[in-house]
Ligand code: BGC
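Starting off, we have a lone chain in the form predicted alone, written out as structure tokens.
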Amino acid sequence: MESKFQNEHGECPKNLKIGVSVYDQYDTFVASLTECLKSMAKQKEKDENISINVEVVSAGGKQSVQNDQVTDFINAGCDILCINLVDRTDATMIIEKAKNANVPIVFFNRELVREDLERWDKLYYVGSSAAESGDMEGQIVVDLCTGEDNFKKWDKNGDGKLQYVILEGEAGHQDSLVRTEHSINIITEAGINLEKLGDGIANWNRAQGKTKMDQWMGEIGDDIELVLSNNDDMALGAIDSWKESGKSDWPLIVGIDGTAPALQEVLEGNMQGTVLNDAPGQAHSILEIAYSMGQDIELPEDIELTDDIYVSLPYRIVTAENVEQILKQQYQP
């Protein structure tokens, strides 16, 4: 029987050519992940005495561009594809192209629907639970607002509830919807009263996050007591807006991803917390799956597949209490 890790010629190539397509090169978390992947590939080259060529391209937010990139990768002889989907609901063409060429795919970070992952036995997904990240973001707020004195610190107008705005990733995107729902539910289920003053789509983007916050600053800035963000880049945009405003009475600001710039803002006290999405851990899992497929060997024991398809890495809460430790673990050699 042919091994699921063999290439279309029934061979197990010693050297690996990996094609990586990301939805947007300006997403800080995705950029960090791909840098980790390239760095780890170089180290594995030395450890295993082989050549691992990792080529990373950006689709610029266009699914049609990403589809063409997959064709180019296949034509260039890539052994493995690693895809960060533009549109998580539109993976059919990519899967069919790869299946016809017998080139396995490791999808990552933007989870496609289960039915698509079941189209072929050489498809994998590496990521983390959007629900867990939303729960942890909400828990940061709960922990910081538990107790009368703590709550009063953020309830600036003393009305017994937190007036909030929320920056959302993409309209209709699963991770955005789930993170929003879960963060709000955790806060309200803890007995904290919330009043929404605004919500806006900022497409995971720092500049768009700032633009949206600039608008709110002009309309309701003094009333905002809590800023929830579906990711760190948009939260950083909100922080940029508050810095520019010159105001000293800032709201509680939380995000998700644990990027280096966000952790720095937590360290400086401008952001009260974030939820660490393990970029090195995801990169390690992606590389090990790709390497195992290319070499026709078993996955190492530290890579645990669920349903023979999924690798899901846990999140971690980051606040002022542990941010220095996390910075050293994640971003310092």
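Note that residue numbering follows the sequence shown and begins at 1. What you are looking at is a predicted structure, and each value in this text was computed from that prediction instead of being measured.
Another form, the form predicted together with this ligand, is not on view; read the next lines as being about it.
S.K.: Considering only heavy atoms, tell me if residue 34 and this ligand come within 4.5 Å of each other in the predicted complex.
M.R.: Result no; residue 34 lies far from this ligand in the predicted complex.
S.K.: Is residue 173 near this ligand? Define near as a heavy atom within 4.5 Å, in the predicted complex.
M.R.: Residue 173: contacts this ligand in the predicted complex.
S.K.: Taking heavy atoms only, is residue 291 within 4.5 angstroms of this ligand in the predicted complex?
M.R.: Contact with this ligand, no.
S.K.: With the partner left out here, check for me: in the predicted complex, does some heavy atom of residue 277 sit within 4.5 Å of this ligand?
M.R.: Flag for residue 277 set to yes.
S.K.: Within 4.5 Å of this ligand in the predicted complex, counting heavy atoms only, one of 294-302, 39-47, 26-34, 64-72 shows up; tell me which.
M.R.: Within 4.5 Å of the partner lies stretch 26-34.
S.K.: Sort through 97, 110, 206, 182 and report the residue having a heavy atom within 4.5 Å of this ligand in the predicted complex.
M.R.: Partner contact (heavy atom, 4.5 Å) among the options: 110.
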